[in-house]
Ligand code: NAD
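Shown here is one chain on its own, the form predicted on its own, set out as structure tokens.
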């Protein structure tokens, strides 16, 4: 018997190589003739060139930090109000998309983004949001989550107001992503999918999406970052999108909970921070259900799957030990903040601080 479930997603999804060409028509269809474009620094010139082709782009903001800052949101909101823009479009990774989401939610507010960051509810009227991911990993183009930092204070906000109006997933935009970034974002997509699968909020619908995402990601991740194979990159974009659709409803869990202090105190990029504990949690969460998934993906068991993740991290040059990280290590603080994070409650296994510390001690 199939359990009852609910699945919700209000995003107009457009997928395919060359799909970015649909942007002008998309803007017209959602009734927006002015938008501010938010992009990663790497895409600054791309954004300016696009502005010449799309008159609706009235300003470009490209000063997005790897862990997006509230100051960036404030500048995008200023640009939107100054130009009368009714939409915020993001071209880039999760940092650009999260910035655009938060700015769109503040665009019609009488209060500052800082006031909303500190707890003031968002107005119900928000600007339109268009998300165009340039990495195969974020999933942010189909979620109602925005992660914004104020200095080292990182805050995850869930709100239906953050759901993009539409997203354009054009795999061609990932073709020039550097190998290491391809690996980090790919492992982030893998983490989204497997955490959606083992989340206590999983459903038959999210299971289907998570499994299909992993079937696309597992055989193509190494090929996409080692030699930039275009077919592999298309598969990774597809897998990342499916993973986003899975965790948008099932939510993420322990790996993401631990990623926040790792990013805040040791400045790990989000994907690398999630991957830092990924193989550890595959072993710790191993149950009959996860063992079946590992076999479905072509591995003997969860240990073999975890070994493959560890191998990918090592061969790809990702940091796997605290000794490789920036700054002094305070395990007690990392354990405490990880274990009280709201995402840890979604994990199928609940850990004591002592158990979590023992896991981290193996990574010293």
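Numbering follows the first chain given and starts at 1. This one's a predicted model, so the numbers in the text were calculated from it and none came from an experiment.
Quick note: we don't show the form predicted together with ligand NAD, though the next part is all about it.
Here is the short version: of 224, 191, 185, 237, the single residue with a heavy atom within 4.5 Å of ligand NAD in the model of the complex is 185.
Contact with ligand NAD in the model of the complex, defined as a heavy atom within 4.5 Å, holds for exactly one of 71, 112, 83, 181, namely 181. Of the stretches 287 to 295, 91 to 99, 121 to 129, 202 to 210, only 91 to 99 has residues with a heavy atom within 4.5 Å of ligand NAD in the model of the complex. Proximity of residue 61 to ligand NAD in the model of the complex: non-hydrogen atoms within 4.5 Å are absent; the residue sits far from the partner. Although the partner is absent here, residue 266 sits far enough away that none of its heavy atoms falls within 4.5 Å of ligand NAD in the model of the complex.
At a distance threshold of 4.5 angstroms between non-hydrogen atoms, residue 147 is in contact with ligand NAD in the model of the complex. Within this chain, residue 174 lines the site of ligand NAD in the model of the complex, having a heavy atom no more than 4.5 Å away.
For the partner-free chain shown, 134, 135, 138, 140, 143, 145 of 122 to 145 come within 4.5 angstroms of ligand NAD in the model of the complex, judged by any non-hydrogen atom.
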